[in-house]
Every structure is written in structure tokens, then in C-alpha cells.
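For reference, the chain that follows is the form predicted alone, supplied as C-alpha cells.
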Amino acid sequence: MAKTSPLECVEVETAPISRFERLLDEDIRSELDQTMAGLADLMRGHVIWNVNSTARGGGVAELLASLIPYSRGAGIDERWAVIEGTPEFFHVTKKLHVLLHGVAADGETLTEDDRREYEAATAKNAAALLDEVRPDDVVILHDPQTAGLIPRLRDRGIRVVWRSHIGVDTPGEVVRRAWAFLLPYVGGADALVFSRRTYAWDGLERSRVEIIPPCIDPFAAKNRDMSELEVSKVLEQASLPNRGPMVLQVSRWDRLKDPAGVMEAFARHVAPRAGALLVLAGPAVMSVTDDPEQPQVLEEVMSQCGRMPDAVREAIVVAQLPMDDVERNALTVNALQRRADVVVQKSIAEGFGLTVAEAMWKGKPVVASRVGGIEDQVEHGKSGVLVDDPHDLRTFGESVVSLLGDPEKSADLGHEARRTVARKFITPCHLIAQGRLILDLLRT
């Protein structure tokens, strides 16, 4: 599709769905085949569109890049479009993102100027999308950036699914302000998908709410098997360390991921006792266009690192991973996760946290905050370690030190972690759930 407007179409490859056969029980394999065949039949001559705000960086872009090829491989014409917007628009959507996690800077509110900016950008993108979408197509819109497209698409009789990848278990007034901003748009969708039941908003028609957790693709560059030799080569090419006990967090440069807290916990409670290395890895900050705060957060992290005592500073690596080569970036994350001895995700708030599933798939012990979808993935003491208070630096640090000093326990946690992901959080689970949802919409 040629780009003639604010809409960008992402080129997506095709992948054979048959490659999952050896990973699935017979009943799941049969259900996958039946669901995808039925969907391909009903969608023949029509398109499933996925629309979000960035083609790279962040869990949604990675999810789409891993899911869509298998739908296409099953004979379904599924495509991916990316909206565009001004810096002011992305400032508004970043504010929404943070508020939906229950966090607000002092005095930060959503204003009528914010609404005007939001609606102006979504109107342009809706017009561009309507140049391509046909009445019997299905459109899946992802996250707050796209919610404003819903009314215009529904006015044309197009079936619309809106999917929120973020949320909180106990919404307060801050969260409800963001809901109030978005409800006039979201309320008109045919179906509303959340990652957890507790994330579904008040004021929505419950019969239209579906729960579908995200997933990882075991065969994607970020998750496929790698030999120790390949891990070493990839890390060497990326100028990343490959030595000693390694503690790793991979995330966007986002205050909700708390890289500063990870560094402080490491400096106070890990470095003095374990002689380990900390690697904080995230995307090159100028490569993710829908999050204007990343450069500032990275600068804060670098400044904090620079103030550390020499011995601690030398044990910390802050790595910006280039995004211009998506496969190379994914292989680098894969190599880091496989090289790490302990993977942490010390999020203050989290929608789901796919980096946790990625590490678990690689058989790594995970120490993570008991927030959001992380709790759905990690069973404390069985497939990882959950810390009840994400601000509790001592418990985080002591949990990491304990695992570094107990390889047998780490291996047991990692083994169970991989089994959990295979049962619940790989691509076929998601394809079945989403396929059923679309089939239900098409048959009504």
C-alpha cells in the first residue's frame, strides 16, 4: 500500500503455522487448525487490519510483528498500519499512558486543548485508514493512541476491536480521569480486549469485553534457540559484556519500568555482596517516536550512574540497542537474556510485561514486581520471585543475591518458568483466542 497520507503500512512476512506442532498438545493443535481455517474461510476477500502508533520499540509492535505472519501463513489477509501525529499529539497520548497506570505528575491533568489535539490527529488518521478499509474488513486498534479512530470507522459500518495493553488492578481517581477522556471513543467499539479481567474499565458493556493475554513467538529472532557460541558472537558484535554473574533488565526508558530503581537496588544491595554486573538495556532513544520522554529518562539514568562510586559504576552497563536493524536488535536482546544469570523487571506499573515471558521461555530465574500482568506469568517461589512492593530496594537486591548464590534453585525456577510459558503465553494461545473473537463478530 503506497503511503498517501498520515498512515504508514508495515511490511510483514508470512510464516508457517505448522512450525508449532511439536510444541503443542494434540487438543490445542486441533483447535488452532480449526480456528484459523474457519477464520480464513469467512475473511476470504477481506482484510484484518491492526493499527497502532509505532512500528518498532515496545511490546505492542513486537506482538504484531510476531502474530501477523502466522495469520498470513494460515491464508488470512492480515495487515498492519501505523498512525502518525505531531509531537503535541504524542505528548497527550504519553500523558494518557501514564495516567492509565495510575501515575500523575504534580498538577498534570487532561485539558480541552489536549482533546482538540488528540481529535485533530485521529481525524487525519481515520480519513487515511478509511481510504483503505472496506465495509467487511475488521479493524483491531491498539491502545489509547488509536481510540479516537473508533467513531469514524463505526460510522462506516466497519467492525472494530479496541485493545488495551495497559491497566491497573485497583483504579483510583487518576486512572478514572484517563478513562473519562477515552470513554466517548472506546464505548462504540464492537469488542474491547484487555490483558487481564481486572483491567476492564467501569462504564463498558461487559458483554463486549474479552480477555486475551499477550504472547511471545518462540521462533522469532528474540526467542529462538541460540548456541553459547552464537550468544558470544552477538554480544561481541554489539560491544556488550559477556563476563561474570550478570543481572539484566530489558525495557523502554520509561519511569514506570524504574531503571533508576534497578540501579539503586543493585548499587546498595547486590554489588557489595555478589560481584555481579548489571546491564540495563533499552532501545536507542531517538528510534521510538511515540514516547517523547525516553531521552529524558535515559539522561537521568546516565547521570545517576555517573554519580556512583567508581567500583559500582564500573559494574553497570547502560546499553542503547539500535533499532534500525530489527532482527539484529532482537538477536541482541535474545543473547543478553540467555547470557544473564538473573533477569529483573522492577516495574512500578505494568500492563503485562512480555520481557518477563521472554526470559522465562529461556529458562531464566526472574525477580519482578508483583504488579499487573507480571503476576499472571510468575508464580512466586515456583517459576520466579515476586516482590510485593516495587519500591522495596532491599528485598529486590536480596532476592537477586540469593539466586546468584544458589544455581540449583535458579535452574529449578527457570525450568518451571519455561513450562509455564509453553502452556499459556506462546503464539498459538493468542491466535486461538483472537480468532474466536473475530469469528463471533463476523457471525453476528
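This structure is a prediction, so every number in the text was calculated from the model and none was measured. For every residue, the number given is its place in the sequence shown, counted from 1.
Below: the form predicted together with a small molecule, not depicted.
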>> Is residue 318 part of the interface with the small molecule in the predicted bound form - any heavy atom within 4.5 Å?
In response: no
> With a 4.5 Å heavy atom cut-off, would you call residue 222 a contact of the small molecule in the predicted bound form?
Replying inline: yes
> Does residue 144 reach the small molecule in the predicted bound form, with heavy atoms at most 4.5 Å apart?
Replying inline: no
> Going by a heavy atom distance of 4.5 Å, is residue 125 a contact of the small molecule in the predicted bound form?
Replying inline: no
> Of these, 299 to 307, 352 to 360, 204 to 212, 262 to 270, which stretch puts a heavy atom within 4.5 angstroms of the small molecule in the predicted bound form?
Replying inline: 352 to 360
>> Checking a candidate spot here: are 101, 164 and 167 all in contact with the small molecule in the predicted bound form (at least one heavy atom each within 4.5 Å)?
In response: no
>> Just to confirm, with a 4.5 Å cut-off on non-hydrogen atoms, which of 148, 218, 85, 283 contacts the small molecule in the predicted bound form?
In response: 283
> Which residue among 251, 195, 93, 71 has a heavy atom within 4.5 angstroms of the small molecule in the predicted bound form?
Replying inline: 251
